[in-house]
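Just one chain follows, in the form predicted alone, and it is written as structure tokens.
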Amino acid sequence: MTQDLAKSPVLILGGRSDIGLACARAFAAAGHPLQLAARNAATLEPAAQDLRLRGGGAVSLHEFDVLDIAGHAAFLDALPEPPGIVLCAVGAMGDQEASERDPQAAALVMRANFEGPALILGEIANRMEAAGRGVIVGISSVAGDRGRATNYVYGAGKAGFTAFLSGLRNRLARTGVQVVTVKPGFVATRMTEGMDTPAPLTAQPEEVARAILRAIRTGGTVVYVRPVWRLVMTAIRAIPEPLFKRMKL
């Protein structure tokens, strides 16, 4: 992260999520003004008050629906000032069985994890490229590293988002804009509540936030929050297809 971004405004898309709020607390502690964007944003005022106390900086709330593609440009135009750092924590796990039965349910999962996030970040990338500076952070998932029977609709959306971020990073490599892909693995959030997730593979939201700030400061590109996930997914990708078809992961 360049010196001129050290105290720049941070826009968090999906500011209501557990990861989004954990990142907001970390950025506030580092002295960044915050712009929290979510649906029904006014209900985040208690969280905004807490963030103002933690960091002593400005915190503004902004109504945002990632699936309102036509409204993306107007949303960005209405921000109090252009953000120097943008974190996209938008996503929806959905239900795999429901997505298999209902095309509309599957479409919603795919759009929430790929189409909407990719298009808003594409608009932001154009603006940052014109300014010659900025950081874009997209939270993807290890689920996108290989399609698996238990979550392939969600995984397909995240795979698309991962590929989009990779291409965006390649395009912007010489423009002064940093693009970071974050793959948290399991995280102890409301999204995974009730799931039996192995402790060694499960991060806390604050752990994800620390990994993101570290990546921004060091020029990171692709971040597996717990490094063991890189090994796990390398092994899963290496399974030959004839054997993989007999497994249910």
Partner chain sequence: MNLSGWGRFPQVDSRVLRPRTPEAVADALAGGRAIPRGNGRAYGDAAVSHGVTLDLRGLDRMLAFDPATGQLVAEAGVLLSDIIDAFLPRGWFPLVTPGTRFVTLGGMIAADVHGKNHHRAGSMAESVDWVEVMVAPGQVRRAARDENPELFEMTCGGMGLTGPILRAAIRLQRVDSGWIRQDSIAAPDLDAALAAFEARMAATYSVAWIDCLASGRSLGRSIVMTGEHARLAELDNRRRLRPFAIPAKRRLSVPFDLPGLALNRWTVGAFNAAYWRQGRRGAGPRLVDWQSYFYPLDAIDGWNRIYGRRGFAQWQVALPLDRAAVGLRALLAEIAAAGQGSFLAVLKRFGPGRGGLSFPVEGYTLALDFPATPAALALMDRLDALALAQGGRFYLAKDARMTAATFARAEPRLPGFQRFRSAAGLDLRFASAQSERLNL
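Residue numbers count along the first chain shown, from 1. All values reported here derive from a predicted model rather than from experimental measurement.
A second form of this protein, the form predicted together with the partner chain, is not displayed here; the remarks below concern that form.
Proximity to the partner chain in the model of the complex, single hit among A47, V180, L213, L61 (heavy atom within 4.5 Å) | Selected residue: A47.
Heavy atom within 4.5 Å of the partner chain in the model of the complex: which of A70, L53, A199, M195 fits that? Just give me the one.
-> Among A70, L53, A199, M195, a heavy atom within 4.5 Å of the partner chain in the model of the complex occurs only for L53.
Specify the contacting stretch among 61 to 69, 182 to 190, 215 to 223, 34 to 42, defined as having any heavy atom within 4.5 Å of the partner chain in the model of the complex.
-> Among the candidates, contact is made by 182 to 190.
Partner contacts for 17 to 34, taking the partner chain in the model of the complex and a 4.5 Å heavy atom cut-off = Residues within 4.5 Å: D18, R25.
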